[in-house]
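This document starts with one chain, in the form predicted alone, laid out as structure tokens.
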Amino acid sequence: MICLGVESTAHTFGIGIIDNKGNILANVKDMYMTEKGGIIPIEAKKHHESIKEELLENALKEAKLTVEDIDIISFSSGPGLAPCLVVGKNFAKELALKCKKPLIGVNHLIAHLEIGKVLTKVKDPVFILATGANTQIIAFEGRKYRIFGEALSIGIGNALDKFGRNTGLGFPCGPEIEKLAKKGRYVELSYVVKGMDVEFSGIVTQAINFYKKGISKEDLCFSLQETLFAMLTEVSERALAHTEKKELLLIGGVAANRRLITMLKTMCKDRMVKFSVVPVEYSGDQGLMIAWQGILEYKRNKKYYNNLDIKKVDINSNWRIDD
């Protein structure tokens, strides 16, 4: 069985192709970027519309397949930015109707978790989902994914991007912050952990105000990383203690940050827990994870998807992982 997955939740439009054995056949993507400011949903939508046909052609070429060779089609149904989600939904619908293939709308966040398990070979971890809009500590308990802790206002990726927007670092600015942090020294920032939850918004505002008062970008980048990542490490350790699980898996776009990886690796070594991180190529948003989740959902309920009225399939921009 071969699935083609379409990702379009935010700044990235991607198409991935994978088979039911986990063999990666293609994974292509293109990202909407700006030199300053953050993501503008309507502009990101225009980007996705302009690139979708080319990416489909490139993905099929990379996989050495035609659309007719695809067995099922999946897309990110949510959560995400509605204008961006609509592009992926409509494109996947067109393909499914044209080729008469089953269509599966999948949860973007669960797709991050499941592709992480495939690529790292972990069995039953505590997950740290660290993306732009979402920061959650998750584990599979009682036959469903449960959120043990999360960011109360703004995800860690968006927190870093907010700081970047206000200091002229462009978008996305995570790699630039990591680079500048290597030259910085610590400036004390607030540290806000509430049980298993974290709160980043006020800390970022504090850092922006310090920048306006003349504190260097390098020092603030270093301090932001040390503070926000320490908070994530603390709640992750608490989740490991609570669940008594022996694996920790870091996923999402911020999983590319080497400093966060180092902190978590040190904590896991002290607790004698296996630490894994999704390979950087698959840590951010991409179509491959949507394709793999499509296969999992289809195998779970073939009869439903084979009889589903594709025209009624829609997005759910606020779809939580524990729903």
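Residue numbers here begin at 1 and follow the sequence given. A quick note: this is a predicted structure, and the numbers were derived from the prediction, not measured.
Although not depicted, the form predicted in complex with a small molecule is the subject of the following passage.
- Residue-level contacts in the model of the complex: of G252, G80, G116, G105, one residue has a heavy atom within 4.5 Å of the small molecule, and it is G252.
- Interface residue among G164, G149, G132, P125 relative to the small molecule in the model of the complex, by the heavy atom within 4.5 Å criterion: G132.
- The chain is drawn here without the small molecule; in the model of the complex, the stretch among 236 to 244, 168 to 176, 207 to 215, 88 to 96 whose residues come within 4.5 Å of it by any heavy atom is 168 to 176.
- Residue contact with the small molecule in the model of the complex: I73 places no heavy atom within 4.5 Å of it.
- Although the partner is absent from this view, E297 stays clear of the small molecule in the model of the complex, with no non-hydrogen atom inside 4.5 angstroms.
- The closest non-hydrogen atom of Q136 lies beyond 4.5 Å of the small molecule in the model of the complex.
- Though the partner is left out of this view, L160 does reach within 4.5 Å of the small molecule in the model of the complex, counting heavy atoms only.
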